[in-house]
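So here's one chain in two forms, each on its own in structure tokens, numbered structure 1 and structure 2.
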Structure 1
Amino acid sequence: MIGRRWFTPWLFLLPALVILGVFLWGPAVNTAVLAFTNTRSIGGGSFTGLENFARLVADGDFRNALWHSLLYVVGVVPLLVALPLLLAVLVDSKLPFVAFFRVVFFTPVVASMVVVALIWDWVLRSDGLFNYVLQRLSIINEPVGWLTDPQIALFSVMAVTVWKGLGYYMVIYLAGLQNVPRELYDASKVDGAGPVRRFVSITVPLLRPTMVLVGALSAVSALKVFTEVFVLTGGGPARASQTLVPYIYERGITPGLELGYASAMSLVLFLLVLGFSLAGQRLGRAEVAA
């Protein structure tokens, strides 16, 4: 501590501050500014007040994408809160080979989303494996266009998101499970509680804070979904599975270069993400207080 020059800490911070400044804080401010301009390509553009937002309200494609993003959250979050918890309880055991299952269940998390999407693209096509299996099990009679039917495509993409997320959230729950005192389970066994009862009365209440965390994390990542949609359906057919980020990409990067308009959309996305994060934090705090 003694004899250190005042700028020493700043030298240590310098690379991080420069990178965050140039590629994060700068762009964050710039996004907020661009959202109120009609900037089309570099340099040009002037302030147009709230015009972009007025356009957004009137833009049917935007409302469509926004609706799908919200639907995505509603569809994906409950599954990603519940299923990984069950999975975590299932693999939280010292029985032989369970450790192996634990590792295998994590593999989809490690594979990149592009690969996962391409693999499912092959499984879900109308003459693909999934339709075959379902037909053999007599669950369906005719092949279903999982990725080509406008009524279904969005939900198929959601299923892929859930499939890839299972292992990730399972690990978060596993960490939470390690904090549940074993004695509680032992005591309840003595009282004659079965596994279902133990799950409902001990595991779930004690893991509520973790469930809130998983809910918030999965909601935010559902709002940000891009790769699955882009690779599996391209947002189609006819925008039936388009969500916010692919639409921002379409209007702001390729093919369109409506930077101002796309930034306004980004701001809406940010408010949604912020809203869900804050709600998660609120709920989390209420949990701790309770």
Structure 2
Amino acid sequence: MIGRRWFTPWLFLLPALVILGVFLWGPAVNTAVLAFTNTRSIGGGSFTGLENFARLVADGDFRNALWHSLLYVVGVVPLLVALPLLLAVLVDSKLPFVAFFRVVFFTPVVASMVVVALIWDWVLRSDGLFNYVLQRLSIINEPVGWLTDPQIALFSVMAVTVWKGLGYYMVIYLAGLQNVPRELYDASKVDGAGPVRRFVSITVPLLRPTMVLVGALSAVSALKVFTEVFVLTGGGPARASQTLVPYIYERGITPGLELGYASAMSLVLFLLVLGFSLAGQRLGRAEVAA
């Protein structure tokens, strides 16, 4: 009887496995296959080998999008590693109204990214709230094109991503702070260490594995950014804020329906995400072992 029941746990897992197979693994395998074809519509196309990848190397728009995605990682990740840590230390303290601040910082996390992007579009447009306040304070004389200036559009979108992610990574840090022995802080106070010294000598070293985790998660998220770019700038002006996922969407969904070429770009993006994930996992293990 025991031997006949080996499959019982799998019966409980079967619904989830079916859903994952249909909506995740199946499309992933199909994308990998399409990357080596010249498919331009659903159900059509022939095998072309590495032709799509050779085309990627010569595609200036792809290189531009890839560069912007990597720049996005460099610009966003350090802020999302450092700022949420400072917020977590703040809301973990005994300051008045801490519960209120926790709610305020976490509210953007539960808000829809589309809604957040539309709000920031209203704030950052040339005739928006931000320029109005800056002009009223006599900080600027003319409206700044936060979303229309090729030099700053990408950085404006980065700022929205950072603002949206602060609360999420703050919660991760708060969980890490619960594992820091309070006796260490008490002993450091007895030795005369101030808040900054305690932060540098106790909090940061003991939260290094959590910082690595936050860095890996935020890097992967930055590589896959789509909604902010799509809603705020559409990749413009003049592709100055175009990143990989919006460009993949543009080539695969727009009237050209270059599904094979878009799949090749998706495969490159998958390898980038995989590389960052494995690097984060290795660094995390090294920090835990240390």
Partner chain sequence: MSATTAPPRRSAQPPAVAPARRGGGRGRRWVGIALRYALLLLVLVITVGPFVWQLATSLKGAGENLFANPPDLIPNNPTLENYAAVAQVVPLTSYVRNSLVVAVASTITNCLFGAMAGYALARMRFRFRGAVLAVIVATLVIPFEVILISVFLITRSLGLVNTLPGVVLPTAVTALSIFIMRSGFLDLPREVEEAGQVDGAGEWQLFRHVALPSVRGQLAVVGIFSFTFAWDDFLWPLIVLRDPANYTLTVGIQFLSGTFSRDQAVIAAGTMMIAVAPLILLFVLLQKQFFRGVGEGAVKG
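Note that the structure is predicted; figures quoted are calculated from it, not measured. Under this definition, the rigid core comprises the largest set of C-alpha atoms superposing within 1.5 Å between the forms. Structure 1 provides the reference sequence; residues are numbered from 1 along it.
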Pair member that is the form predicted in complex with the partner chain: 1
Rotation (degrees) of the smaller of two rigid parts between structure 1 and structure 2, from C-alpha fits: 8
W10: Cα shift between structure 1 and structure 2 after core superposition, Å, came to 4.3
Once the core is aligned, what is the C-alpha displacement of N131 between structure 1 and structure 2? Give it in Å to one decimal. 2.3
